[in-house]
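Heads up, the chain below is alone and in the form predicted on its own; it's given as structure tokens.
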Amino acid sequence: MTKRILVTGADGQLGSFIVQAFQDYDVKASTRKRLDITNTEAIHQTIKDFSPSVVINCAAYNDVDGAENEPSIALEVNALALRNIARAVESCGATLVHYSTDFVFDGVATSAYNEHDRVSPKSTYAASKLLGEWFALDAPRAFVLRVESLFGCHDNWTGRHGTLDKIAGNLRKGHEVQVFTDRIVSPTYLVDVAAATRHLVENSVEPGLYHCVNSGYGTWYSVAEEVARVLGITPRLKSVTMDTVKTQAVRPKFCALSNQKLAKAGFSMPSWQDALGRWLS
């Protein structure tokens, strides 16, 4: 029997890749306009009518600085909505997949964070995402995947681009690119996140919290250098440090995540360099 999969936020950057990865399934791709995840009645009615075996939530409030000015909206979308979704999937016995962020950590570590490390969000956005994790994991069978620094937009993508997409675009145009030399990240290819998601829902994997990032990590400066190397161009890079750039919300400086738990569950994420090469080629 073909699984029915409900994807919320299907018109977003991640949502569009999830829909594509499950295109051979019976997928109901609900955009933000068609299904507001903060509407409790709409969520319960949609799940009741479609009766999915899997609900994949890709809807989120991702404006890190904006959340400082709109905390109630960030909490409603990233946290309270997940409480409603978890309750709705429980009523139909569906599996829930939800995505979180590296921002739940304070960024003072010196080695890649694993799923058991202490969380310490330093911004409204980060706190809202952490609450969303807890609510999502209340569902009887739920996967929460922490992702970060997503990249890999299609050439015709008209939505909001990630940092790495912007870096690659500006390097291609010959523009000078400002990049951090002291912020360390694990870049994550959207194609690989979608593939990992499919692996988890198709196999008898223990539900719970997983870090879903490409293997390895580097500073944004080193990542930009690798982009230029793959593209075969001489980059114009301007080095900056986090203490010289003012932002409304605090960003963690060390953001690397370990994906070893995901590997033990049967899905090994390729290195970020491998993923970058596949995307740019």
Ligand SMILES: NC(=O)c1ccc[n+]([C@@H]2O[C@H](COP(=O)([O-])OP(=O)(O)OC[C@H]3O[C@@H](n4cnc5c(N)ncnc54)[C@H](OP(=O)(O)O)[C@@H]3O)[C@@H](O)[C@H]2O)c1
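Start at 1 with the first residue shown and count on from there. In this text the structure is predicted, and so the values were computed from the model without any measurement.
Absent from the display: the form predicted together with the ligand. The rest refers to it.
- Candidate site formed by 186, 196 and 259: none of these residues places a non-hydrogen atom within 4.5 angstroms of the ligand in the predicted bound form.
- Stretch-level contact check against the ligand in the predicted bound form with heavy atoms at 4.5 Å: of 248 to 256, 44 to 52, 59 to 67, 229 to 237, the positive one is 59 to 67.
- None of the heavy atoms of residue 27 is located within 4.5 Å of the ligand in the predicted bound form.
- Contact annotation for residue 13: at least one heavy atom lies within 4.5 Å of the ligand in the predicted bound form.
- Although the partner is absent from this view, residue 124 stays clear of the ligand in the predicted bound form, with no non-hydrogen atom inside 4.5 angstroms.
- In the predicted bound form, residue 136 stays away from the ligand, with no heavy atom inside 4.5 Å.
- Proximity to the ligand in the predicted bound form, taken as a non-hydrogen atom within 4.5 angstroms, holds for one residue of 191, 88, 130, 147, which is 147.
- For the stretch 35 to 50, the set of residues having any non-hydrogen atom within 4.5 angstroms of the ligand in the predicted bound form comprises 35, 36, 37, 38, in sequence order.
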